[in-house]
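One chain comes next, on its own, written as structure tokens: the form predicted alone.
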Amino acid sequence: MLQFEVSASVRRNFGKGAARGLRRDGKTPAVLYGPKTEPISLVIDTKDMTKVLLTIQRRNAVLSLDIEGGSGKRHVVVQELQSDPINDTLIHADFYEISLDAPMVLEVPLQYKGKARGVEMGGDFVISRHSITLKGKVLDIPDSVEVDVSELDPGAALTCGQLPIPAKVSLVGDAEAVCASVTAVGG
């Protein structure tokens, strides 16, 4: 699981005018909430957060949110982002506080590697799933699951249950669901 640190401070001014002023100064309003957390209005540096978001690129990541003013570090995930539709700048962020010890359910992308043996024999490689759902402690869940497809023969299929999933993590859903397959030659 990817991990990053982000600095924040507690937001004291509210309203549209205050939010516009923050954005003009290169800051972004944000909110931190969670099941055991009262919502906290925050201010983050837009440039720093944009760098983190570009590194994450829609993958699962845990952010250590360091809040000025004695609140200390909080472990969060990005729940929602709002961006300006014209210049694509960040205008608001929602963070959801998580526990590193409690199990979570996350969608994890599949990365197919190699060339299937059945494709070399004239079959077509068909991807049925681009991601799977895994459950476990957030730091035990991988960024992605790499799948070697080089052993797939014509007419063979790779199911979710055959994927190389880490020991401390479990698959959520049907283990017999097909992730990828090679069509039979001539069919």
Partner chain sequence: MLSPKKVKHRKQMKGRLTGLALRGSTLAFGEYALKAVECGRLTSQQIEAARIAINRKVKRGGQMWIRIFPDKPFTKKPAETRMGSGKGAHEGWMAPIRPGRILYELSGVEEELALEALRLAANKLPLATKIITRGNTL
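Residue numbers count along the first chain shown, from 1. All figures in this text were calculated on a predicted structure; none of them were measured in a lab.
This next part talks about the form predicted in complex with its partner chain, which is not shown.
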Scan I67, V31, L53, A157 and let me know which has any heavy atom within 4.5 Å of its partner chain in the predicted complex. L53
Please identify the residue among L90, V76, A116, V108 with any heavy atom within 4.5 Å of its partner chain in the predicted complex. L90
Its partner chain contact in the predicted complex: S150, any heavy atom under 4.5 Å: no
Answer with yes or no whether G72 is in contact with its partner chain in the predicted complex, where contact means some heavy atom within 4.5 Å. no
I98 near its partner chain in the predicted complex, any heavy atom under 4.5 Å? no
Even though the partner isn't displayed, in the predicted complex is P39 close enough to its partner chain, meaning a heavy atom within 4.5 Å? no
Just to confirm the contact call: exactly one of 134-142, 158-166, 22-30, 121-129 touches its partner chain in the predicted complex at a 4.5 Å heavy atom cutoff, so which is it? 121-129
